[in-house]
Structure formats: structure tokens, C-alpha cells
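In what follows, one protein chain appears twice in different forms, each by itself as C-alpha cells: structure 1 and structure 2.
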Structure 1
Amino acid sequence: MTNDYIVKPVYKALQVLLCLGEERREMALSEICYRVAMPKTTTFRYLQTLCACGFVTHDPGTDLYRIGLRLWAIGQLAREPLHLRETALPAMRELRDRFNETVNLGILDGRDIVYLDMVESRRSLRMQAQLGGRDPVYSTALGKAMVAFLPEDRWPEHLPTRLTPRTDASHTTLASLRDDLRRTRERGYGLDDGENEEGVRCVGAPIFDQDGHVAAGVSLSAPAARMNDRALPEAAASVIQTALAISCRLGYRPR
């Protein structure tokens, strides 16, 4: 079965929907059509159709569009990540309570990670990702931890062809990124050392399912001042331990 069955108008309209959904704010027609690189007329029609179905809401006062009620509702009802979240939550809480830093659960989606759940530090200064939000695989500990444990011939599926550094610490070449992934695999955890956001350190480890495949990842994030080089080894070991505990609850059997 190949991809011969893509209905082009549907595919393109869904890109419009994704654009609005990921932007997380109201957008104007011009901005949307620029973002999705489609002619204005086409984008306009898709938006009208999306509005007719309740997936998008148009504010006639401002002429801005935003995600609509029906999409919100379906999103609340969707069971997609439910089992994983429930399974991971107890161990995530333990990890959070041990370090009083934020713990994230995420999975791979193309070249991004998507945050499935998070258990936040109780401190004022804490990491706060968005449930359902995304970050690039290559600049996050979560992303690197998951990809590193995939077969190498599957890495290109999750890595960009060109790197857009998010900070001064981000990787700028694919070669250095692949080295980092190999290091990640050897030591068992991925490290985001200010690559996704300046001043933030993050340690991530992969979660395996019952077939031994990478199912998700769990990470501990903190301000760099609190996760310095002395604190890192213990944090890394605990993240690995947490990921393993969750994996076993998913049916994974370590060899």
C-alpha cells in the first residue's frame, strides 16, 4: 500500500488546519496563506469549509481565524495517548518528587516531539512545556533519546535535512548531531545542554514497549544552574531508571 490515495484538496486543507493549530493564536487569511504557501483563493475556500464544519472559527469583527469548538471537543475525547500517560504518570511523579524538577513525557511525530504529559516542579522557576506542544527532535533530550535507540537507517525520518539552530548551543551540522546520537545510545540518555532553550538543561531516556520498540521518552528539565555537572550523573541515572520502570509497565522485558 503506497500513498496513491491522497486526496489533494483534503491534504492541503489539513495543512491549513495544522498551521492554525500549531500557531496557537488567531491568524489572518494573508498570514495563513503565506505560511502554507498556497494561493489566497484556495486558502480562503479551505477556511470557509473548515468553518462550516466547526473546525475553525472566524471572528467577523477582526477577520481572524482560530481553531474551533468541534476540533477542541474531539481533541478532549480522543483516546490517543491515554494508555501511555496513565502508565507513565506514577513514575513521573516519583521522579518529580525526588528532584523537584519538571518531568515531561513525549513521543516522536516526524521531526518533532509532542508533549503527552508533564508533571511540574513546584518551584517558581520551572520548565513548562505545553500539553500537545512540539519541539524539534534534534534540540531536545527527549527527541535525541528516542531517535538514538532507533535503527540508524530510520534516523533520517526524524532529522531535518538542514539544521536551524535554536540557540548558540544547538548543533549546526548533521555530522555532529549524529555523533551526539551515538553518544546518547552509548550512555543511555540524551542531553539537551541549552540547545532547545538557553539556560535550560534536560536529560531524557527512551521508553520501550513490549516488542522492544521505542514508544516514548521521559525527561527531567531544570535551569542549568540547578542541574550542573555535579548533579547531572544522578539525575541521568534516575531518568534512565524511570524510563525503565515505565517500559516494564508497558510490557518491555530487558535483556
Structure 2
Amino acid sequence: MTNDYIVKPVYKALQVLLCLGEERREMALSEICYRVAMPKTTTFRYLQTLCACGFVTHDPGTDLYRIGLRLWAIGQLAREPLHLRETALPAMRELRDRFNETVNLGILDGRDIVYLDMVESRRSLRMQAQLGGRDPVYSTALGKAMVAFLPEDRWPEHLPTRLTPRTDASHTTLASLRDDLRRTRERGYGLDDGENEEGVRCVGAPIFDQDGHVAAGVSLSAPAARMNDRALPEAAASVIQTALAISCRLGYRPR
């Protein structure tokens, strides 16, 4: 451990947790101590802390420890983005092939969107976000499409109290942004008209899970010259259709 920012007790407790996880069986305190090379008293305290959090369980009858269900639940959460990407990819490729423009898949994370996946245009001039990259909700078609379909009392969770314009086309007031979100909900898609990057137009639609909640968003990005006002209606309709197809594959059933 050479990183000065590492909290050593946390690191050591996680070594105890990893030991149990890698063995995939119940273990006695003495064996855990031997494998992690820590004193018995220290290891016992870490185990008790992990038990209190639900990450480890202890059987008083056998005095053995094993991985707890809380850790399994967290693992399931970690699998969700991977499942979403695998489910969305075929429909994203179809959308890319239809327009030969870049298709993005993103999720909400606070006031940002995070790009989970993308299928790039084959054109030399193409729009490209960075996998794992972030952009503000308020300046992106993906962000506006996802937030617009949340209850309005949840909008503040994803919008800053003050907007910092990304371009000359960006929203500068929350009032105008809220109006845009309501229009987005009415028409079924979000529009970034050069608001996040000059000269780029993007249209996005929400993806819903089996419970009807917003799970993600999909968007089509292109230079504004190619996604002009004449091309926009067809692009928007196709993005909505793609989002619906992905939603249905996730178990969503339209009303």
C-alpha cells in the first residue's frame, strides 16, 4: 500500500471480506487470521463490523463465518449496467445502421449522465462521447429525456441550482429548462440543439424497466448540418422506437 489516501483499517477489513469471498465456503476465525496474516483480535473486530453491515454472517452454532446476502445484493446491482448494455446493443446497432450516425446509451447519476455504451457512425466526421464519461443533464438530449419522465418533484435531484452555459445555445435559467423538460415529456424525446457542443445536434428518448421506471436513455448524435430540421422528425421517431424496443426487452409493458 503506497497510496497515502488509502484508509488502512478499511483496506484490511476488505481483505478479510475478499478472503471469505474467494474461498466460497464457511471459515473459522483462526483460518481467516492465517490467510490474511492479521492478529486474531483485529480480524475478529473486522468480522464483527462486516457482520453488522450484513456483508458477512456468523453461525453461533458452528462459530463459522461466510459471505452475507447484503454483498450478493450489491453484486446484483453491479450487474445491472452490464445487462442493460447487452440488452440495448442490438437495437442500438440497428439505429446506427439506419442513419449511419453515432448512438449513445446513458444513465442518470445525480446531475450528470454517464455514457455506458455507444455504437459509432462509420462516417469520417462523427460525434463521439467517451465511455464512462459524463455530461450535465441540462445540456444533453439523454439527460433531458430521462429527467422529463421522472415525477417533477424529483427534478431538483438532477438539476443544479444555477446553470452554467456550455455553449451560446445552452439554457441559462431553470424556468426555460423546466419548460423544455415539459415539452420533452409531451413529444416523447429530448433535444440537444447545440447546447452541449457547438455544431452538434442530438435527440434522445428514455428507456423504462419492467416496473415502468426510467432506467436509462438512448440518443442519436450528428453534426447539425446532417440532422437538420428536415431530418429531425424521422430521427426522433426512430429514437423513440429504439428506446421502446429496448424497454420491452427489459420487461416493460406499454400502457
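Quantities reported herein were computed from a predicted structural model and do not represent experimental measurements. Residue positions are counted from 1 along structure 1's sequence. Each form is matched to the other, and the largest set of C-alpha atoms that superpose within 1.5 Å is called the rigid core.
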| property | result |
| --- | --- |
| Either 1 or 2, the form predicted together with the DNA | 1 |
| Core-aligned CA displacement of Pro9 at least 2 Å between structure 1 and structure 2 | yes |
| Post core alignment: Asn228 C-alpha displaced by 2 Å or more between structure 1 and structure 2 | no |
| Large Cα move at Ala237 between structure 1 and structure 2, threshold 2 Å, rigid core | no |
| Cα shift between structure 1 and structure 2 at Leu47, which is computed once both forms share a superposed rigid core (Å) | 26.8 |
